[in-house]
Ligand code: TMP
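Okay, here we've got a single chain as C-alpha cells, the form predicted alone, with questions on binding and movement later.
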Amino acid sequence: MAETLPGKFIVLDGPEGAGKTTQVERLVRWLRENGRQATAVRDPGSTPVSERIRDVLLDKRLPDMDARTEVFLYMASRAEMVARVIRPALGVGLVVVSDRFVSSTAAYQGSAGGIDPAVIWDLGRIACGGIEPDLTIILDLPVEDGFARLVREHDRIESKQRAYHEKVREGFLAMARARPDRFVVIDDRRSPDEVTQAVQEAVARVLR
C-alpha cells in the first residue's frame, strides 16, 4: 500500500534524449517561484551510496550485465535514495521531483530486458517502502530523435541496440495507458518551452 505523506512526489521519465534533466530543473524553479518548497533528485543517485551504484550501472568499461543484476542494483540505489532523501522531504511537505524512478526499470529491464514488469513493480514497492509517485510524466519522442540530441559519449545503457530502446519506448507508453490516473504522456518533439508549459499544467492539477 502506498504511504501517504504531506509532500508531493513527481517523476519525469522517458526514453533517452527526452530532456528530462532540463525539465526537472525548470519544474523545481517554477514550483519555488510559486511558493512551493521543492527539491530534485536523480535516479539512480542523490546519495553517496546511490551515486556509487550509478557509476557501476552506467560504466561502459564493464561487461554487459544480466537484466536481473541491473534490476537489483537500481532497486538498491533507489531504496537508499528514498530512505535518505525522498521520504524525509515528503515528510516535511516538500514537492520532490525525480529524474527517473521505478517506471524506468519497468521499461528498460522489464519491457526491453525481458523481466516481467509486474515483478519489477512489486520489487519497487518493497525497495521504496510504500513511497509511490503522485504523478509520473513520460516525455515521449521517437528513438532516433532522442539519440540525435545526445552529443556526449553514450553510457552503458545508452549503448544498447536500437531494438532495445524501441522496446523501452513501447514500455513507457504501455504503462501510461494502463495507469492514466498516475501517468501523463507529453509529446517531447515540441519546443522545450512548450514541453515546460505542458509539464507545469500536469503538475498543477496534482497540486490542487
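Predicted model, so just to flag it, every value in this text is computed and none were measured. All residue numbers are counted from 1 along the displayed sequence.
One more form of this protein, predicted together with the ligand, exists but is not displayed; see below.
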| property | result |
| --- | --- |
| Options 134-142, 86-94, 121-129, 71-79; stretch whose heavy atom lies within 4.5 Å of the ligand in the predicted bound form | 71-79 |
| Contact of Glu166 with the ligand in the predicted bound form (heavy atom, 4.5 Å) | no |
| In the predicted bound form, Glu158 touching the ligand (heavy atom, 4.5 Å) | yes |
| Glu16, heavy atom within 4.5 angstroms of the ligand in the predicted bound form | yes |
| Partner proximity in the predicted bound form: Leu58 to the ligand, non-hydrogen atom cutoff 4.5 Å | yes |
| The ligand in the predicted bound form - contacting residues of 99-117, heavy atom within 4.5 Å | Asp99, Arg100, Phe101, Ser104, Thr105, Tyr108, Gln109 |
